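The chain below stands alone and is given as C-alpha cells, in the form predicted alone.
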Amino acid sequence: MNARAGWRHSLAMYGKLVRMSLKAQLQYRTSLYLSVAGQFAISVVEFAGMLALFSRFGEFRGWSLAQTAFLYGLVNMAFPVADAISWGFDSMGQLVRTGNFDRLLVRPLSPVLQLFGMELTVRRIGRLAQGMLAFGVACVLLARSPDSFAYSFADRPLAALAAVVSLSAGFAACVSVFTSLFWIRAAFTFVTVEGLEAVNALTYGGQQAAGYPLSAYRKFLQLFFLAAVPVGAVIYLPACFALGKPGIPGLPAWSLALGPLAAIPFAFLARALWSAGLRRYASGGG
C-alpha cells in the first residue's frame, strides 16, 4: 500500500469511527441537548466576568471590550474544537490502567487515529456556540468604528488579506496547540498512568489565559505562552496584527502575522513525547 492509499484508508476509517461516535451520542438526545445547553450556560457565565471587568474599568491594558471579545471569541471557538476531537487522549489514563490500550495496538490502524476517532464530543458545541456569539458581536462592534482594524480592503487590500489569512491560520494553529497539549498529557500516562494535572492546568488554564491580552501578564508568563506553550503566539499575535496592536515591542508589525507557525514545532514535540512514551509502554500484562 503506497502512502497516498494509506492516507485515504486512514481517513476513511477515521470517518467511520466519527460516524459511530455521533450515532452513539444521538441515541440519548435529551441528555445531549441538556449537556450542550449546560456547556453554553457555563461559558456565558465566564464571559459575564469579562463584561463585569469592562463595566468597572472601561478598558483592559489599552484593549476595548470589543477588541478583547474578538480575541476571546477566537480562543473559545478553537478550544472546544480541540477538546471535542481529543476526548480519546483525555481517557488515556483509564485505557492504560485497565490494559485496554493493548486492544488499540493490535488493530491494523494507528493508535493515535483510533484515539482521535474514539469520540467526537458533540456537547462541546455549547461552548463553541458561545465563542462564535462573542466573536460575532465583537466583529459587529468593531465594524462600527473605521479605525478598529489596522488594515482595510479599500486602502491596503494586501495587508487586509494577510490579516484575514493570519487569523484563519491562527485559529487552526490554536486548535493544533490545544490538541498537542491533550496529546502530551496522554503521552505522560505511559509513565504516570494517570495524566499529569500540571498539563491539565496548561490546557484549560491556557484557554483562560489566551482569552485576554498577553500584555496584561508579567514578562515571564508572556514568554511562557509565546514560546514554551505557544497558545499566545498562534492567536494573540495575529489578533494584534489585525487590530493594529503592538504585540511584542520591538518586532515589526508583519512578523506578528507569522505567529501561527509556532504551532508546528510544538506539534512535533507532542509527537516526539508520544513516541517516546509508546516505546516505553510494556502492556497491561493481562
Partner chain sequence: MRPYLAAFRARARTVFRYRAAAAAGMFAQVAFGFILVMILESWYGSAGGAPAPMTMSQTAAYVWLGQAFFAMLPWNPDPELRDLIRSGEVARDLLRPLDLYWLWFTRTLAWRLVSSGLRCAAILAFAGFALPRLGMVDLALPAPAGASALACFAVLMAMAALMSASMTVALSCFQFRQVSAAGITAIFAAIVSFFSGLTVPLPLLDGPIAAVAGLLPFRALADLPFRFWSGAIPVNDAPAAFLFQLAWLAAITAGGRVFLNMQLRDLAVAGS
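Numbering follows the first chain given and starts at 1. Since this is a predicted model, take the numbers as computed values, not measurements.
Omitted from view is the form predicted in complex with the partner chain, to which the following refers.
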Sole residue of 212, 190, 116, 151 within 4.5 Å of the partner chain in the model of the complex, by heavy atom: 212
The partner chain contact at residue 246 in the model of the complex, heavy atom, 4.5 Å: no
Contact of residue 198 with the partner chain in the model of the complex (heavy atom, 4.5 Å): yes
Residue contact check: residue 208 to the partner chain in the model of the complex, 4.5 Å heavy atom: yes
Partner proximity in the model of the complex: residue 255 to the partner chain, non-hydrogen atom cutoff 4.5 Å: no
Check all three, 158, 264 and 269, heavy atom within 4.5 Å of the partner chain in the model of the complex: no
